[in-house]
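Quick setup: one chain, the form predicted on its own, written in structure tokens, and binding and motion questions come after.
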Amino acid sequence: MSDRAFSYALLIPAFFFLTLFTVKPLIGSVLSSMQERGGGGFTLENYARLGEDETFLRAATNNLLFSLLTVPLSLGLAMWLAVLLHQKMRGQGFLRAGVFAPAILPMVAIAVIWMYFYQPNIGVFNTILGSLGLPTPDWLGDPALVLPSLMVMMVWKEAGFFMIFYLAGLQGIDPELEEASRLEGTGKFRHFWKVSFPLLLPTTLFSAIVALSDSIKMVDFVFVMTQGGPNNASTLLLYHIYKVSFAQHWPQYAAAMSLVVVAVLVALAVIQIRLIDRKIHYR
């Protein structure tokens, strides 16, 4: 067997599982999305219905706001924490473990913890606000506050996770660059902006794509904390797709929504790569 044939033979198991668990379900979803409710027939009505589905449009708007705010805030906070914990300090390992801890907790456990924080009567936030004589809002019951409240929880969880990647990126930068900046009298902020930040762009590109994906595919906390309420104020796309598929028993329409979400995610990932890749300095 030639080397080329041997190489293709090694790829056969990977292609088999890729076809079984990715390509086949994708083809099935495409075919299902073009069927009428109950199966059978051929129609594009499921796609046309998306523009008139008020709940879908509300979920898309909520998810857009959720992604636009949580992704940059998570990455910015993660980078700041990484720079901070990259410095030599007492208890450095303990602090790193504490910041990373939310990333290893199950999303459901995090949702339960934050439900306690947001409790209107005995919650941590309202206890502090009440002791200061300030109003004590219903964080998860007020339509204007519920989505921002979920965003805060998401940023708290994601920042610790991405901090590890930024920390690894900082440790991979040649220390001689920092020494040269110090000898030239360059300030720490200027050194970070001109040297460290550009060298962290590959990490930022990877983290941005993963964070965007997480902001859409993570909906466990919606099940636990709000069930999409009040009045769909916290309904996100994947939660709406789940309800349509399993609560309303309409998998054909859910398949159409899923494919649109996947297409948008792929398009956004390509845009991110095109925009950031031009500025990346690969070493």
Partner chain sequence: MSPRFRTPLIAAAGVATISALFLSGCSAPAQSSTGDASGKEVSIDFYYPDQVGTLGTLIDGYLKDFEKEHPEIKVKGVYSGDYDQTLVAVNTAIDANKAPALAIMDQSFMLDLADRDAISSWDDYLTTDEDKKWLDGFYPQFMSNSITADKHVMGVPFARSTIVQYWNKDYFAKAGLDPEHGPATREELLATAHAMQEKAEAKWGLFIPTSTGTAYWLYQALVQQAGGFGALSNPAGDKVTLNTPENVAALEFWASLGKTEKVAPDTEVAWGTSTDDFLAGTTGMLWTTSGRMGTIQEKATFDWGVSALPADIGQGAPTGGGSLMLFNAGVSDEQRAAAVTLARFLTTPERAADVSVKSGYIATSEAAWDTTAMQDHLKKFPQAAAPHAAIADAIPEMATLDRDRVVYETLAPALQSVLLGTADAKTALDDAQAAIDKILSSHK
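Please read all numbers here as calculations on a predicted model, not as lab measurements. Residue numbers count along the first chain shown, from 1.
There is another form of this protein, the form predicted in complex with its partner chain, and it is not shown here; the text below is about that form.
Colleague: So, in the predicted complex, is T55 in contact with its partner chain at a 4.5 angstroms heavy atom limit?
Modeller: It does: once its partner chain is placed as it appears in the predicted complex, T55 has a heavy atom within 4.5 Å of it.
Colleague: Given that its partner chain is not shown alongside this chain, does K217 nevertheless sit within 4.5 Å of it in the predicted complex, heavy atom to heavy atom?
Modeller: Result no; K217 lies far from its partner chain in the predicted complex.
Colleague: Just checking whether P13 would be counted as a contact of its partner chain in the predicted complex - the rule being heavy atoms within 4.5 angstroms.
Modeller: Result yes; P13 sits at the interface with its partner chain in the predicted complex.
Colleague: Does the 4.5 Å heavy atom contact test between G141 and its partner chain in the predicted complex come out positive?
Modeller: Although its partner chain is absent here, G141 would touch it in the predicted complex, with heavy atoms inside 4.5 Å.
Colleague: If you check in the predicted complex, do P230, K243 and A247 all have a non-hydrogen atom within 4.5 Å of its partner chain?
Modeller: Per the other structure, all of P230, K243 and A247 touch its partner chain.
Colleague: I need to confirm a contact call. Of A9, V23, A263, I271, which residue comes within 4.5 Å of its partner chain in the predicted complex, counting heavy atoms only?
Modeller: None of the others qualify; the residue that does is A9.
Colleague: Pick from W80, Y116, W193, F94: which residue has any heavy atom within 4.5 angstroms of its partner chain in the predicted complex?
Modeller: It is Y116.
Colleague: What stretch, of 70-78, 167-175, 195-203, 142-150, brings heavy atoms to within 4.5 Å of its partner chain in the predicted complex?
Modeller: Selected range: 142-150.
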